[in-house]
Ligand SMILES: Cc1cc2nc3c(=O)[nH]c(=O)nc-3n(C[C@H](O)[C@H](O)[C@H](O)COP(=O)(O)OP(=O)(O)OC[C@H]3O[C@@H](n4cnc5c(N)ncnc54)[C@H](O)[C@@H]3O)c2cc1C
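One chain comes next, on its own, written out as structure tokens in the form predicted on its own.
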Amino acid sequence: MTSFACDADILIVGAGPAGVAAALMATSLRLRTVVVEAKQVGGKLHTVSTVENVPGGWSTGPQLAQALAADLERLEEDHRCTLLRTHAVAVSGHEDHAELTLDDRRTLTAQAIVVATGVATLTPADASWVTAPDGFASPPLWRTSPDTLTDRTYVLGADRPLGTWLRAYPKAPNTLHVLHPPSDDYKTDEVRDDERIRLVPVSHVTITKPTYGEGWVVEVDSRDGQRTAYAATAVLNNLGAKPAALEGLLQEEDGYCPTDRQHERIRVAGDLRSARYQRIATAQGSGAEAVLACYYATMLQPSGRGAAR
């Protein structure tokens, strides 16, 4: 083992599906494990209305989140893991250890760190293809009940929660007009055949308040240069997510953090890796795999060190 006096064998940042899977794997390897989570265990699972592609018979995200919380509680009660309720801001890798900086300026050290901070929700202000008034609030689709909608509901973006929403409300009669830029085209395949969806490819969308009445005016610039104005009773947010990367991680142009670009003592798991990997099941697998990669690369060497970069 390394001679550096570490606070833990492995630090795990984030307690969503990837982070909890990492903690379960780490403790099974008898590693001193610390999980850092600023908010609630389960992360964005609390906003997922239906779960279909995850083993275990879970029907909703909150049910799975509750199970993950129970897993961490069990590990804590067995003194196999410590859960720190604090916010991490930066990470760095060194020859014989890795460091995690917290927002109170404390620094935690470990032989390796798994970062599973996931993603944050994009807002219309983040989308270059949307122009909206200052302070415009677009409620998230995944938190919207169909009984509050009309057939003049417009959805910004074709991110995957659209398919989740449709499966959660199979009898919802509403027609959703889904405005999506070219970058979302590949996401539309799983909902294209649903009769409740009207896909509207766009190059730009401008949202304004009408001169009279309620709702919104949605002006759509098509990809062939035509402009059409629609009267919308509601405009919902389904723009997708942006990576919640810590300072010190190496990022691609889109902000995501491929694990193969990081320092050997730092691994990235879950949704933070790529927009195309945002699935609960792949997040769980990547969390466990990240711990195993750290274990074999940095903890089984005779000196306790890997070939640090």
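The first residue of the sequence shown is number 1, and the count goes up from there. As the structure is a prediction and not an experimental result, all values here were calculated from the model.
From this point on, the text means the form predicted together with the ligand, which you will not see here.
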{"item": "Sole residue of Ala67, Leu29, Leu250, Ala38 within 4.5 Å of the ligand in the predicted complex, by heavy atom", "value": "Ala38"}
{"item": "Selected contact from Thr164, Thr123, Thr153, Ser92, since only one has a non-hydrogen atom within 4.5 angstroms of the ligand in the predicted complex", "value": "Thr164"}
{"item": "Heavy atom of Thr117 within 4.5 Å of the ligand in the predicted complex", "value": "yes"}
{"item": "Contact flag, Thr47 vs the ligand in the predicted complex, heavy atom cut 4.5 Å", "value": "yes"}
{"item": "Contact flag, Gln278 vs the ligand in the predicted complex, heavy atom cut 4.5 Å", "value": "yes"}
{"item": "Arg160, heavy atom within 4.5 angstroms of the ligand in the predicted complex", "value": "yes"}
{"item": "Residues in 246 to 279 with any heavy atom within 4.5 Å of the ligand in the predicted complex", "value": "Leu246, Ala269, Gly270, Asp271, Gln278, Arg279"}
